[in-house]
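The form predicted alone is given below as one chain in structure tokens.
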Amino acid sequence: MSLNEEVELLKNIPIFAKIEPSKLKLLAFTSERLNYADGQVLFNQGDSGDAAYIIIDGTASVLIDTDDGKIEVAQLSKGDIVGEIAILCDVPRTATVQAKQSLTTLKIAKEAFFRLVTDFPQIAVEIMRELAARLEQTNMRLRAALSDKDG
């Protein structure tokens, strides 16, 4: 994938949609492209957050540790961003992310991510929207699980 193709991909991600192409080109240029094989882990729950990842191609599982082992709480695919919670909130990783099939990501270092958020406050608003949507999905799943348990 060329730099211009990476810029096009970034433009189609809601949090980056309103950023000028020259800034996206710089972001793509300063980011690291990483490939993962099926089953390979991007990061583990509890790790410190040093970067966010954008899925360029493939799928990944979001797994959380429970007393009964890891459970999948979400799947990620092209255009999804993951890992931003740990760097924004300065907390350990809240989940493990593992490749399904082969996976290609763009790894955005914490400093570059913060620079973007500082330069473009709209990104922060879009991230809040994304996190609110994830929270609502989690709440729906929790309510469903609790009603199944009670029923």
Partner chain sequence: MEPTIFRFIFRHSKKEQIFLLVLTGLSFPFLYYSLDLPKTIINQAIAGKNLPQDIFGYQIDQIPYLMLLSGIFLALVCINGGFKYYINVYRGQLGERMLRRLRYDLYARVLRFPLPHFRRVSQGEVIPMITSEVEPLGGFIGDAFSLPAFQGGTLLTILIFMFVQDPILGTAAIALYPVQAYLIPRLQKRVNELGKERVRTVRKLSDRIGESISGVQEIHANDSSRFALANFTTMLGEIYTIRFEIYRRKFFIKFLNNFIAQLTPFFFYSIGGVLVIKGDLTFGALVAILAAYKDLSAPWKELLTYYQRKEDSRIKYDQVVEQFDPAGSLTEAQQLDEPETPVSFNGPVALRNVGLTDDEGEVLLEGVSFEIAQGEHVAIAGPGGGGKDLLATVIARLVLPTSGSVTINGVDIAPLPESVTGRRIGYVGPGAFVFSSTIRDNILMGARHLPFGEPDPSVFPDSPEQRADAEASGNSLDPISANWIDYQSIGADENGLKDRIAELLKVVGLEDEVYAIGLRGSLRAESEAEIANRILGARVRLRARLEELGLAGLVEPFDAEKFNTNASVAENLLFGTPVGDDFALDHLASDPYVRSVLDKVGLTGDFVHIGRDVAATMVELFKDLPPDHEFFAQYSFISADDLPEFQTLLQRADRVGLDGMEAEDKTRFLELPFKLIPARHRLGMISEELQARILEARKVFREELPAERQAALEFFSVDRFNLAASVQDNILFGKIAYGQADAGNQVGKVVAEVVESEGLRAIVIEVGLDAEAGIAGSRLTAAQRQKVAIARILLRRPDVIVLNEAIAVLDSGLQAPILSRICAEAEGRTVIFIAHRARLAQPFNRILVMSGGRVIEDGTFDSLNQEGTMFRGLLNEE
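Numbering follows the first chain given and starts at 1. This is a predicted model, so every value here is computed, not measured.
The protein also exists as the form predicted in complex with the partner chain; that form is not presented, and the subsequent description refers to it.
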Three-residue site S2, S22 and R33 fully in contact with the partner chain in the predicted complex at 4.5 Å by heavy atom
yes
Which of 81 to 89, 44 to 52, 23 to 31, 63 to 71 sits within 4.5 Å of the partner chain in the predicted complex, heavy atom basis:
23 to 31
The partner chain contact in the predicted complex: E111, any heavy atom under 4.5 Å
yes
Consider Q40 of the chain shown here, and say whether it contacts the partner chain in the predicted complex, taking contact as heavy atoms within 4.5 Å.
yes
Mark L106 yes when one of its heavy atoms lies within 4.5 Å of a heavy atom of the partner chain in the predicted complex, and no otherwise.
yes
